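Structure 1 and structure 2, given next as structure tokens, are two forms of the same protein chain, each shown alone.
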Structure 1
Amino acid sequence: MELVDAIEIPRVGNVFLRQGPRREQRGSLILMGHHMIFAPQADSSNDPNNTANKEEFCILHRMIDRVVSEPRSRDPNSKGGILTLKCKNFMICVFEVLELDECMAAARTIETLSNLNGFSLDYPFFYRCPFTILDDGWRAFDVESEFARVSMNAPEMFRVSEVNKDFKVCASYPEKVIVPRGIGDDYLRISATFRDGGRFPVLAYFHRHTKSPIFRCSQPLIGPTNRRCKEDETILNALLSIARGIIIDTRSKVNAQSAKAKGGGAETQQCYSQWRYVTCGTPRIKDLHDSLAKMVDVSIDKSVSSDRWLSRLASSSWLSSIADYLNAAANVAQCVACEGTQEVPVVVHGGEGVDSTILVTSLAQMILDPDARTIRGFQSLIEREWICGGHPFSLRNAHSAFAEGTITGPYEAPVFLAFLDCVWQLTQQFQHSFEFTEGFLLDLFEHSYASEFGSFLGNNEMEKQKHQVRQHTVSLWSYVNNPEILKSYVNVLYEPNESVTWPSVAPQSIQVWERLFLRWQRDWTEVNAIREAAVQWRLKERQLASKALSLRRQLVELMKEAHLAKTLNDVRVAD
């Protein structure tokens, strides 16, 4: 299929923008293979002094979540239609079109182009990078480099295994993984048959202070027959040294028990006697999807009263879901850093091991590891845990809050967005401990749903390799690490903090991420101006502090010279 074949009408003229990222104005809609462009008329703006209103804007078709077209009036004799585009970043654009037929044709075109099967025709494969790539983002994470870093603190504990060469053992794992040193590949293969989706235990993080590792995997396939796997038990026991290990299940006890009836389950005390099993219940992906839909629904409702806002906010359960994830991650971090002894291995899993498992292990690293709170470290964490770790971005992010796919509907969930919200909560509680800004998190949110870069394409590394994503697209990190772009993501308040950033999960500590959910409902001009002024004052403060330090050094040197001169003068007088 050629994209041009899906375009029923390439241009719709004399369109009135009733709602969107610009003020009300007339213009034209241009429909292209990957973008929809709104080009305002030269004299259409109601505010001639605002040049931003006169600029065109474009939306990737993949960013559009739902398309609604309807007649402008119920009167059968009236002409015209209303075209409503609800986007995955929660922006809503409403256009008035003079001819209903043109409105319907534009709607069908956008509907088709925003819901293409697969991703081989997506924009990243056609994007031509306008900047010079100084730092190849596809190398943001390398298993061998990570292994070398871990080996500096644990030289005899782990090894790099290529058991998954050509993705023969696990489709959602990369070809190289870090595993316990004393475990052979044959044991890993057998363990994979005992774990959901073949996701046997692999290293997620090693805490150098306590020598405690965090491993992640999927649920064991125990089933109603109480199946066991001695090879899997051996792998987990190989992690033990001087203390009992801890298995943290990100499902509730009820969900874990119901999974057993379907062939899954949890580790039994009889077979894993040296491990303590703990449940830290987090939302199921379906519940999380519904929660986001309710949260966005109340956020875009401009007529809601204060009491209704609070009740609908609570009923959405979005903030309580964020608190659950933070609580689970804090429990993992506590087992690693505060269990009272060193070398306490922690194994984290949920069901399939590609959603809440990855979220919790990633968030635990944000709490424990100061390097993960830097821009580069955060990139490496996302690349390692989410992209290489097998989070199915194409399935989970096929739709956002306004729609569900016919085929992908049961698999859609804003898991990565929930992770970003959790990180944002941490940045609000520890504003000086994170090198990146809120804007960086918002850009990651948008790029994970629709992007000109290939980082979030596909569901795993196997799909990326099959479609040669790394060879034919540009990594998002190549853009982020460009010096001109990178400086816009740097938090000027950042001060490296080696301490553990323990989050508060009390209800009064969990906030609504206003820049995310209320981004298109508020005028942020004044807030942006205040923030920019604060940034400039912070930079000025640093310049003055640097200048003061330089002057102090000069003063010390002058005092030394004066003291030396006085000493020489005293010697001459004495002679």
Structure 2
Amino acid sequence: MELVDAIEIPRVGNVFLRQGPRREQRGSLILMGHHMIFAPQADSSNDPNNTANKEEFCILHRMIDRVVSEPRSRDPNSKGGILTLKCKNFMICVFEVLELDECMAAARTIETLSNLNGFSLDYPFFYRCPFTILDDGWRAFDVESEFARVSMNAPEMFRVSEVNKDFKVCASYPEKVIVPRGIGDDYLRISATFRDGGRFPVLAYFHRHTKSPIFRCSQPLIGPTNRRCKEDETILNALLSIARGIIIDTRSKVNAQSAKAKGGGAETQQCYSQWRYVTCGTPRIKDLHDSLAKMVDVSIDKSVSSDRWLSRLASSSWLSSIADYLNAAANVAQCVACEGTQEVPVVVHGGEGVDSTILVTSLAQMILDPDARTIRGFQSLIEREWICGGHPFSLRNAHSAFAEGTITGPYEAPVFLAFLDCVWQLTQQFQHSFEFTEGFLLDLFEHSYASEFGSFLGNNEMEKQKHQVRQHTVSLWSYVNNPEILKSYVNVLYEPNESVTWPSVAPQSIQVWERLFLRWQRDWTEVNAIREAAVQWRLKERQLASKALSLRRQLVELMKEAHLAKTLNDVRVAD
């Protein structure tokens, strides 16, 4: 199919932007294969102060979550229509269109183009990179370099396995994974048959001081008949040295038990006697999706009364979900960093091991690992854990909070967004400990739903390879690491810090991420100005400090010189 065929109407003239990313304005809509462009009308008023709004703005069709077109009024004689575009970043654009027919045609066009099946026609494949790529994001992070980082501190513990070559063992894993050193590929193959989706235990993180690793996998397929798998047990036991290990299940106890009837389940005490099994319940993805829908619904409601705001906030349970995830991650981090003096291996899994499992293991790394709190380290974490780790972005992020009806399925869930929200909570509690800004998190959120870059295309590495995403699209990291762009994401207030950022997970500490949920409702001048002022002071402090340092050095040099001159002089006098 050609995208052009879907465009019923290429241009809708004389529309009125009633609500959107800027003030009300007249202009026209231009519909293209991947974008919708709003071009403001040439300004007739000649107001010289009104320069900001002369520029067009464009929205990727993929960014649009839901399209609604309706007649402007019930009066059959009025011809106009109203086109409402609800976007995946929670922005809502409302256009008044003169002709209802045009409005409907535009709506149908956008609806089709924003819901294309698959991603082979997506914008990243057509995007021409306007900058030269200095640092190719597709090559920046690979298993080998991660392995090198890990094995520096643990030379004999792990190895890189290519058991998943051509994705034969597990469709959602990358071809190379890090596994315990003493375990052969045959064991991994057998373990894969015992784990949901073939996701056998692989290394997620290794703590260089306590030597405790975090492994992740999917649930064991114990089933109603109580199957067991000796090879799987051997793999886990290979991680143990002295202390008992801990298995953390991200499902609630009830959910983990009921999974057994459907062929899944959880490790039993008999078969995994050297492991302690703990549940840290986090929401199911379906519930998380509903939660977001409710949360966004209450945030965009401008007239919500004080009586309803808090109760609707509570009933959305978005904040409790965030608290649950943070709590689970803090538990994992605590096992790794504190539990006794001996190393304590931790295995994390939920059901399929691609959602809350990844969220919890990656969030635990944000807490534990100072590297993950840098921009580069954070990219690496997302690339390793989320993109290569097989979080199904295409399925989960097909729609966000507004879509309903047949265009959505059971697979959408804002798991990655929940992760970003959790990270944001950390950055709020530690404003000087993260190298990136809030803006970086927000941009990641938008790119994960609709992007000109290929990083979040497909559900796993296998799909990426099949569609040659790495060959034909630009990685988001190539863009981010461009020095000009990178500057805008750097948190100048960052102070590198080796210590663990233990978050408070008490409900009193969890806040609404206002910049995310109230972004289009509120004015941010104040927040930006405060930030900017703090940044300016910090820069000034640094400049002065380095100035003082260089002056001190000059002074020391001069004093040496003076001393030398004096000595020479003394010698001469003595002569």
Partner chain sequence: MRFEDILTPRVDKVQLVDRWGAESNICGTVHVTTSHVIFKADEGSREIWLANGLIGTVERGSLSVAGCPLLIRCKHFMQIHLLINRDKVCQELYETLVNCSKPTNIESVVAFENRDQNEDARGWKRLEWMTEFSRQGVSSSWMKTDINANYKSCDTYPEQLWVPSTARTPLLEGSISFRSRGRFPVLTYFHRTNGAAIARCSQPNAGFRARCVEDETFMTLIGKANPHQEIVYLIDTRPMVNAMVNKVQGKGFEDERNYANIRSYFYDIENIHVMRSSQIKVVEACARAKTMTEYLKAIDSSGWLKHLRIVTECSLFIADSIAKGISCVIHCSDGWDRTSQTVSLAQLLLDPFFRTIHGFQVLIEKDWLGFGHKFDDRCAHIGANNEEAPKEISPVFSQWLDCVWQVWRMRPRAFQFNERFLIELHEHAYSCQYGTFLGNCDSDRKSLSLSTRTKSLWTHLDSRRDDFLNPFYEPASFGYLLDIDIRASSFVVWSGLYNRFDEGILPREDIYNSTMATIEHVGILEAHVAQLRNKLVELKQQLGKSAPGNASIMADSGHGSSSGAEGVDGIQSPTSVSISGFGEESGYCEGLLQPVALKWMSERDATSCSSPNCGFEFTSRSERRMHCYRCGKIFCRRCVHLTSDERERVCNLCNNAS
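Structure 1's sequence is the ruler for residue numbers, which start at 1. Take the two forms, superpose them, and find the largest set of C-alpha atoms that agree within 1.5 Å; that set is the rigid core. Fair warning: this is a prediction, and the values are worked out from it, not measured in the lab.
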Compare the two displayed forms of this chain and pick out the form predicted alone. 1
Post core alignment: Gly405 C-alpha displaced by 2 Å or more between structure 1 and structure 2: yes
Return yes or no for Ile37: a CA shift of at least 2 Å between structure 1 and structure 2, with the rigid core superposed? no
Once you overlay the rigid core, does the Cα of Arg531 travel 2 Å or further between structure 1 and structure 2? yes
Quote the shift of the Cα of Arg552 between structure 1 and structure 2 to one decimal place in Å, the two forms being superposed on the rigid core. 3.5
Aligning on the rigid core, one finds that Lys566 shifts at its CA between structure 1 and structure 2, in Å, by 5.7
